[in-house]
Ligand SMILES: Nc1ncnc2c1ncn2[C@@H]1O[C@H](COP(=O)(O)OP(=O)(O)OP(=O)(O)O)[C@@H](O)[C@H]1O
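Take a look at this single chain in structure tokens; it is the form predicted on its own.
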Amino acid sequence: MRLESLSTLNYRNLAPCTLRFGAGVTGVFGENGAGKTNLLEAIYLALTGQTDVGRLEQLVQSGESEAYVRADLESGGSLSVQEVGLGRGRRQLKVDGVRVRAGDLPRGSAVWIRPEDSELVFGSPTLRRAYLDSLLSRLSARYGQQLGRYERTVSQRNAALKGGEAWAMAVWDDALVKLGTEIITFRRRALTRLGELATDANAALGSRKTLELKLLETTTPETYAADLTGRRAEELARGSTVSGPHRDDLVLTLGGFSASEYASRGEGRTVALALRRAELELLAERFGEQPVLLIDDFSAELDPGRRAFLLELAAGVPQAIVTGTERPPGAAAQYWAQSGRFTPLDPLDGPLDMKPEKKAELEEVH
């Protein structure tokens, strides 16, 4: 899998541009606020069709009504063009000019590592569920489809509960148990391999504590129907469904203790990195080729050991795009970021702060 080029128009603070990317590591560096994270976000959106923003209009440049990103992608020896059009409350995806859904895009195309990943450890169960569901939806198109049906069923069942429609529960319960059981079963199966890879990655990062991944479930396939019936009064009082995979948690333990409660910030960052490396390896196993690796702010909150691990990870995949406030070492190509613009540099050039005449020349161009 290789990203050949990315084009953007009216996306966040990025100036209209087309950037080309080769094999190996591409470094993108510049001051905070220069657009580096927005660039990686645009790449991830173009490759996967996914974004975690609350409203799509947040991605559209101020004063504009629409935005556009395009990725020219090489996969399995063939070339394709993936386009994403964004407007108020809508997103349109195309592959080679034909409209598609997000699930139709290459599901193993990219992995994005960012400083905010620590929230997978210290944040809410909602974040960990979202991480797990996003990964499993990419591993299995059916999982994504069944998850969508399940979430719609929960929403409709909750509406009936809020309306006090106890008589309608039998209909919703049957659908919920069928869909939820499939989701629980797939999560359990996938977590076996994901846990193995994450445990190995955590050890490779130098942690002396064993990392384990477990599901904290609110019900089981065997007791699902009985649990719904047994908690009917509580659900009617709350107006919401209290049992099922939408309430489960991905529990991370270090040395047998909850990472969210007992891990230090450094240990949490290590666990988050382990999860992302496991994601990278699991997608590569599933689809037979390495995803494009995106690394945002490679030095953020990292000690020298973790930083070296991250750079070695980037160097070990066919293509990685790495951002930072300083030049990522070992990059085959470099872009300097300033005010949403990206200038290609000769990799042999020294740091800009060592060459004031070069920096002044580039600033004059911008």
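A residue's number is simply how far along the shown sequence it sits, counting from 1. A quick note: this is a predicted structure, and the numbers were derived from the prediction, not measured.
The form predicted together with the ligand is left out here; the points below concern that form.
Among the residues Val60, Leu313, Leu302, Ala333, the one placing a heavy atom within 4.5 Å of the ligand in the predicted bound form is Val60. For Pro329, no non-hydrogen atom is located within 4.5 Å of the ligand in the predicted bound form, even though that partner is not displayed. Under a 4.5 angstroms non-hydrogen atom cutoff, the ligand in the predicted bound form lacks Ser65 among its neighbouring residues.
The ligand in the predicted bound form comes within 4.5 Å of no heavy atom belonging to Pro318. Of the heavy atoms in Asn13, some are within 4.5 Å of the ligand in the predicted bound form. Shown without its partner, the chain has Glu31, Asn32, Gly33, Ala34, Gly35, Lys36, Thr37, Asn38 in segment 15-50 as residues with a non-hydrogen atom within 4.5 angstroms of the ligand in the predicted bound form.
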